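First, one chain by itself in structure tokens, the form predicted on its own.
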């Protein structure tokens, strides 16, 4: 997963979203030790202070835990991870539906388009 940022929102907020996605997708597994702030900020191409702020926000959301001498770890609370996945999905769905409404699609046409696309996706 690449680190891509836009100018619409603060970088730390985008980092939080990217890291959440890495957690809910399983790239960072429950209980796994995360790379150091210095390493991950270097990988993302951002200031370590900005990454530290993002990590602090993830701690506030109980997705990341700090163990004083061992570093930061992804929570082992699978329910919390699943709840975060649902929150992310809901946000993306709301944005998508709003955009489609702005484009003039009716609900029935939107459902038909989605059904057609889902039918094209190979499992």
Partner chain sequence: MAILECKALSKSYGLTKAVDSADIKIEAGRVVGLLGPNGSGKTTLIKLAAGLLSPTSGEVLIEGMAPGPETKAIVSYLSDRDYLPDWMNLNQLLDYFGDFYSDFNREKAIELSKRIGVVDNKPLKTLSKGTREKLQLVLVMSRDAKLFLLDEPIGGVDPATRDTIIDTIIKNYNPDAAVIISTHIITDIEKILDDVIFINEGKISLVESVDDIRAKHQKSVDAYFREVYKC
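Numbering follows the first chain given and starts at 1. Predicted model only: the values in this text are computed from it and were never measured.
If you look for the form predicted in complex with the partner chain, you will not find it shown, but the lines that follow are about it.
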Stretch in contact in the predicted bound form with the partner chain, which is absent here, among 48-56, 79-87, 61-69, 22-30 (heavy atoms within 4.5 Å): 48-56
Under a 4.5 Å heavy atom criterion, is residue 98 part of the interface with the partner chain in the predicted bound form? no
Is it the case that residue 11, even though its partner is missing from this view, gets within 4.5 Å of the partner chain in the predicted bound form, heavy atoms only? yes
Would residue 36 count as a contact of the partner chain in the predicted bound form, using a 4.5 angstroms cut-off between non-hydrogen atoms? no
Quick one: is residue 6 in contact with the partner chain in the predicted bound form, heavy atoms, 4.5 Å cut-off? yes
